[in-house]
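Encoded as structure tokens, the following chain is the form predicted on its own, with no partner shown.
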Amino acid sequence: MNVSLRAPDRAEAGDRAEFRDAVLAGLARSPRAIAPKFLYDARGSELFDAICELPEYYLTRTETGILTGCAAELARLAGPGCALVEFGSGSSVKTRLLLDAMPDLAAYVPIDISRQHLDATAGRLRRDYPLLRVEPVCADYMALEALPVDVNGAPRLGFFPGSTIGNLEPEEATSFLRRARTLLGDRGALVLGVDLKKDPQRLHDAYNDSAGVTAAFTLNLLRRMNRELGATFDLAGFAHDAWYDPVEGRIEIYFRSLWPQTVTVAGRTFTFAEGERVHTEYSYKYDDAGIAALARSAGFTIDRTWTDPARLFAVVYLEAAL
């Protein structure tokens, strides 16, 4: 079945209701926060793809270099005939390195929350890999209890690149990996991309690019609320804030009110003080000990780790612990 699961009209209504409820709850709490998954509407996904091309944003090109060098070994470790399952697939750019190295895949199952982005990506992959079975799943991978497509009993290789694991708080990261461990099964494995701890200035620059693309990505959440929830955010009245907290080992990202103002969202009114921030995202950075502890806590063992020469980033092959 080469279509996204769920009928588009019902699914879109459900997605919008989830977005509305999450935004209203997030703006009503103290401190205010909105989950990062809502950054990725179609425009947000496009902006994130643009971020990945920025000179300051070392993560994508560094991980791509590592994957280019280790793709053949990954294919050997995974073995023939497996199903590749990607959590948060986006444009599946890095995935092509694995697809090229694994021509005998049973299926490729991209999971993404943005239906429009997912379907466009699936269409391109079907065109470029006509023999590949592509089974897109439009879902929140953080809430997925089982793989809703039949891969005919093939061993499952999970793919979670981009250091997206860093967007999850430690308890959430463990919870996700445990869910992935169950979904991938006892014969499964997971390829995990992890951003490593490094010079704080380099981290700061990566999330505060000179072209302002990351700022546009953050503020696109306000545009989405205006469009989908009838909100009245004035984008000129808010700014992108991001900095590295060395104690917590994470980048923290917010949008900040530049002056006192009142905004209506889905019929409810919210007042913002000057300087008030709304949290949108964390990006945790790991060291070797942290990666090992995270793997153990979720029922995985580390089989291989590859890094770039400067040790900016790591790609880790995790096997299900029995």
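The first residue of the sequence shown is number 1, and the count goes up from there. Every value quoted in this text rests on a predicted model; they were computed, and no experiment measured them.
This protein has a second form, the form predicted in complex with a small molecule, left out of what is shown; the following refers to that one.
Q: Within 4.5 Å of the small molecule in the predicted bound form: all of Phe48, Glu86 and Gly90, by heavy atom?
A: Every listed residue reaches the small molecule in the predicted bound form, so yes.
Q: Please pick out the stretch from 70-78, 105-113, 228-236, 119-127 that is in contact with the small molecule in the predicted bound form, where contact means heavy atoms within 4.5 Å.
A: Partner-contacting stretch among the options: 105-113.
Q: Find out whether any non-hydrogen atom of Glu172 is located within 4.5 angstroms of the small molecule in the predicted bound form, and reply yes or no.
A: No, Glu172 stays farther than 4.5 Å from the small molecule in the predicted bound form.
Q: Heavy atoms within 4.5 Å of the small molecule in the predicted bound form: does Lys37 have any?
A: Although the small molecule is absent here, Lys37 would touch it in the predicted bound form, with heavy atoms inside 4.5 Å.
Q: Within a 4.5 Å heavy atom cut-off, is Lys94 in contact with the small molecule in the predicted bound form?
A: Residue-level check for Lys94: yes, a contact with the small molecule.
Q: Under a 4.5 Å heavy atom criterion, is Thr214 part of the interface with the small molecule in the predicted bound form?
A: Flag for Thr214 set to no.
Q: Pick from Ala206, Val151, Ala139, Leu183: which residue has any heavy atom within 4.5 angstroms of the small molecule in the predicted bound form?
A: Partner contact (heavy atom, 4.5 Å) among the options: Ala139.
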